[in-house]
Every structure is written in structure tokens, then in C-alpha cells.
Ligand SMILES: Cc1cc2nc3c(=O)[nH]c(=O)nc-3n(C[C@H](O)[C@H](O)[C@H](O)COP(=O)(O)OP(=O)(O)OC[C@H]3O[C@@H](n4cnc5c(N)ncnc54)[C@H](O)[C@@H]3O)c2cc1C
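Starting off, we have a lone chain in the form predicted on its own, written out as C-alpha cells.
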Amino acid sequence: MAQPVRYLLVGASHAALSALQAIRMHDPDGSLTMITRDDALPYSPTVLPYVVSGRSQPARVALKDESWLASQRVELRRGRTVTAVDTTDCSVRLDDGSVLGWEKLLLATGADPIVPQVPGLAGVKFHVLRRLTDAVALRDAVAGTREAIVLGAGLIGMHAAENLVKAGVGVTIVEMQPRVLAGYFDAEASALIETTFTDAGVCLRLGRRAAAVAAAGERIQVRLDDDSELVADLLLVATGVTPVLDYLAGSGIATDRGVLVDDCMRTSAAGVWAAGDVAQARDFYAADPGARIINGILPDAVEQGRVAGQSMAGDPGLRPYEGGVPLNTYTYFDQQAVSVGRQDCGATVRSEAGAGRYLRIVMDADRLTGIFGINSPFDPGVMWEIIQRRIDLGPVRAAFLADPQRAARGVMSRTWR
């Protein structure tokens, strides 16, 4: 085995890049290798729907180019997968049989699509949407497609359905929950989004599951749990994701649903950190400080990566992770839906809907715990900061409820000073 690298980062998206930048702020010269299973330069999964639609070209979606990586003295190994981690001799084994030693290791391996156990599904061709190669394959498959079935009405499924509709494809979405985007919005907000999709010609089969899948000549047949049948040219499975953990078997690194980490993103193994979609970290809202959740969103990946990088480099300016606060912005058919925080951690203090607009504010006493809007003007990043910092809005409560955006900007302007 060659000389161990000072920092080994497994993964190359937001969490790993944030860790890299934090490391280089404190240690500009330590040897650093980044491994990615993709053949591409680092990219964001959030760009994939735009690759499917053709708005973004695969060659132009990189978050960082080769010259930037070179300026940060990074050795990027593309198209390689870690198959095993040995925490005894501080090494990893790659899929080509090679072994790399490390002094400090970051696991930022992200998540893979969940493929439901539906009879017959494995025997037909279907698509998922998690990697750049998936997006290219789906884009290419759309040509000549007349009808498509999308399993799942989360963000991935809804994004893909919109792009398929805009390409002239007839789309049916099958979702086992009684509404779309149930993890982000209440029934009232979901209903507004559903109306937009049905007005665009999408058929929504809510509260239904796929019971069986079979080939129907050149097409695909899906039988639902009410015995109704759907037939289409294309099937997209978008039923969620799960952290990539298989390579940790036998490593001794503690896992639950993800890799368990402390508030500095350290795992149970010395010299190993984890961040991003693979990490199970502090729950911001939980009364129990030991509660751990997976909060698979971009801002959290960046924050966890920062904490991990500072911790790995021994940066005395380290600010520990304070817990995951959900934040999602979703643009669909020229409308925007925003979800910040949680709906179930306080009381609703303002709720209104109508004429394509929606706003709901949830507070615990005088502290904001969640804000949700459709075509409502407020800055999700500012709201996220107000929740994260547990700012007392008591002195401006009336103004905040009347005009959240203006009051929040005023609060943060004074706070950031």
C-alpha cells in the first residue's frame, strides 16, 4: 500500500466539496484525494431534472472544474467505488482491487434509489433518477414515448413528471400517500399543486400502490392494488432513496438507517467522519439530544460537510452541527412552492390559501419552527437561519405575521451585524 493520504474524501457532491473547502481554509497543503463513482466531474443531483428536459447539458453541469480542483491540490479519482473500509489499518479497497491508506476519512457516499419489492418489476426495463447517467438515459428514452407511468409523488417524481408532460408525454403518477409531496406540505397546499398538475393533463392515482408489473409487448403494464391496470411506454421508479452503506460491512462503523455521527460529524471509528445523505445526525427539533435523523437536503449537506472538514483539519473555529432543519424549494409549471422547517413542532399562527397562493406559519411560543408557501414572497434561506438560530420573534411578532419577508429581513439584518 502506498503512503497514506492525509485526507480521503469518498464522494464528490455538496457534502464532500464543502468539507474540502473547509479543510483547505485551515490546511492548504495536506495531501487530499477525492473518490467518486461517477465518471463525471462533481455535480449536484438537483440538476438532473434539467438534464432530462434538455435545459442543461451533461457536459456543463459540473460544480467545480478540473482547474479549480487542481488549484485546491485535489487528486480526483473518477469512476471508482469503495467496496470496503478497514478501520484497523486505515485503508479502503476500491472496485478495481486497489487499496488506499488514509489518515482521515470522510464518508460522503450519498444515497441510492429505493426499488420497491413489486412482483415483476425486476423483469421489465424501468428508469430511476439519481445519477447523471440516469438522467441521460431518461432523456434519451423520452424520444418516442407517448405515455409514461411515474411511481412516487415526491420531489423527484414530480419534477420528472413535469418534464415528461412538457415533452408531450401523457403521464400517470401513482402515489401510495393520499396526496402529493406529503413529506413537505399539508393537504391544503398539496391540493393546489395537484390542481396545477391535473390542469396540465397529468393523471394522479393517489392512495394507490403498484401490485404487479409485467411486459406488455413493447410496453409496460402496471396493476394497482385496486386491480385497475395502466399501460405505458416508459416506467420511472421514484419511490425514495436510501443511504449507501453496503461497503461498510465488517468495518465496525456504527450505522442505523445511515452512518451515525456526533455533532462534529465523527463516526464511531477513530479518524472517520460522515456527512450528507449518508449521515444520520442530530435532529434539530428533538428534545432528546441523542436523537438522530437523516435530513437529505442540499443546505444540510453543505453544513455537515463544513463541520466535518473543520473537524478533520483541527480548525479551532469549528462550530458543531446544531441539527437538521428541512428546507426545500420546488418550482413547477412557473410556480414556486417552499417548505422550511416542520409542520408538527408548534402551533399554526397564520394559514391562508386561495387563488393559487398558500401560506402557513408555525411557531413554538415566539420562535419560528416552520413556514410553508406557494407563490408567497419570502426568502427560504433567511427563514432557515431564523429557525436555526432560534431567534425570539416576540418583539416583531405582529409585523412578522403580517409581512414575513420584510420582518424577517429586518431581523436578520440586525442579527448579522
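Just count from 1 along the sequence shown to find any residue number. Just so it is clear, the model here is predicted, and its values are computed rather than measured.
One more form of this protein should be noted, the form predicted together with the named molecule, which is absent from this view; the next part is about it.
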item: Heavy atom within 4.5 Å of the named molecule in the model of the complex - the one residue of 26, 64, 37, 367 that qualifies; value: 37
item: Partner-contacting position among 129, 220, 272, 148 - heavy atom within 4.5 Å of the named molecule in the model of the complex; value: 129
item: Heavy atom contact within 4.5 Å of the named molecule in the model of the complex, the stretch among 229-237, 107-115, 185-193, 212-220; value: 107-115
item: is_contact(residue 308, the named molecule) in the model of the complex, heavy atom dist at most 4.5 Å; value: no
item: Heavy atom of residue 45 within 4.5 Å of the named molecule in the model of the complex; value: yes
item: 4.5 Å heavy atom contact, residue 49 to the named molecule in the model of the complex; value: yes
item: Residue contact check: residue 281 to the named molecule in the model of the complex, 4.5 Å heavy atom; value: no
item: Contacts with the named molecule in the model of the complex, stretch 287-316 (heavy atom within 4.5 Å); value: 296, 297, 298, 299, 301
